[in-house]
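In the block that follows, a single chain appears as structure tokens, in the form predicted alone.
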């Protein structure tokens, strides 16, 4: 069929709503639509089906809730506020606040945060409210402590700046250490792959041209009814990474579809359930709602490179079908892949939304303004120059070989006034490192050669890395110097905490 045929209107949203009121609408979940198109073809499916329901359930960090606590007597202008020791943003009116999903508890740290408070509120639990103020004539109270439930709040509006990514790149780790990230724990040496998103159930994958999505679209949100209120932050449609900004009444939601979460040694978040009905207005929409996991591709990104997301190296392209198979081949090795989001819950959400529509409890809405297809994502400009390793490292590196004598090397360190000595092979590839402390201890116990005492698992850096990342790496490993290597592991420089100190704040000039 021609492109014009694909876009020819079959039915309107008003006509679909009339069928919903009468109980005559044909509603399928996205999974059911895929099967129908496979068995009968897209033309038949477009004529038969009125609505396709989608769903997703995963960690959506850019989420939070606006709260109005009501006025106490005497009243207080809250300038600082906490719920269960989790800070609430108070840069707005006296008793309004915004609780972000990723804010950490001041007492429990990574174990509890904003997402957990939101879940507790939705569950009907009591939450401790504490607030401070400087006091004014009209707001004389300076301190308040009490307990509240969601029923005590005047308003509790879930307003999430960025939810429901259209696709999300998978993550792996090429380094020799464990990484703790928003993509979960990534094991060393490509030990695992993690991924997020519902793939063939994902709402924005069902309408990638945003023909039915925009401001005012009614949706399933957290177990209640919500709305799309615009494009989400970092909306990037040209790259296939659209996002949504959504809102809904928290008081109508369910803790089954809003779950606080903790990512080990990274932070906290909120798992959010989102379901969107896609009206089948034309054959083109019917075709996109039938997209399968095999048709939806993402990159596997290397989180071992400390760069912004779009600059991380892409190891390979994979489909959601590849990821859901449980293993992906990287460098001739089967690497286990696991989801961070719940496909099972996504299915449930699409089925619940289908049920609501069939029962006449949920009508569709046409967007008053469709999502932009032109938005682009820009990186943050850093106006102040940040030094790189290449600007500070020493290139006149003194090295040694594994079979060098400890006593001779110790003399060399004393003569040159250095503390770190990379050990290389004949090709000048790094094989180890020794420090002045290593040599002092070796002399005391009468060790003969460097290969007996050198550290073989060496922490290294590249010359294009930023100094703040390298300084953090040295602090984490409790070391004062690192060799600088190229991609073939040749030693091309050395960098120490004293070098950094001298360059940035002044210090002694030793290696």
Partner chain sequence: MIVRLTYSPEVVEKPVLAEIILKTGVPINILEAKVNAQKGELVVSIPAKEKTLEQILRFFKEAGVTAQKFTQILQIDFNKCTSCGACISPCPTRALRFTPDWTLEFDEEKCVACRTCVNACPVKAITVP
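Residue numbers count along the first chain shown, from 1. Everything numeric in this text was worked out from a predicted model, so none of it was measured.
What comes next is about the form predicted in complex with its partner chain, which is not displayed.
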#### Entry: in the model of the complex, the one of 262, 102, 288, 435 near its partner chain [non-hydrogen atom within 4.5 angstroms]
262
## Note on the structure
Heavy atom within 4.5 Å of its partner chain in the model of the complex, from candidates 357, 340, 424, 81, belongs to 340
### Message
Taking a heavy atom within 4.5 Å as contact, would all three of 280, 352 and 370 count as contacting its partner chain in the model of the complex?
### Response
no
#### Entry: is_contact(residue 402, its partner chain) in the model of the complex, heavy atom dist at most 4.5 Å
no
### Task
Could you confirm whether residue 121 comes within 4.5 Å of its partner chain in the model of the complex, counting heavy atoms only?
no
### Query
With the partner left out of view, is residue 133 within 4.5 angstroms of its partner chain in the model of the complex by any non-hydrogen atom?
no
### Contact of residue 392 with its partner chain in the model of the complex (heavy atom, 4.5 Å)
no
### Message
So if I measure heavy atom distances to its partner chain in the model of the complex, which of the stretches 222-230, 381-389, 303-311, 180-188 falls within 4.5 Å?
### Response
180-188
### Task
Heavy atoms within 4.5 Å of its partner chain in the model of the complex is the criterion; list the residues of 343-379 that meet it.
343, 344, 345, 347
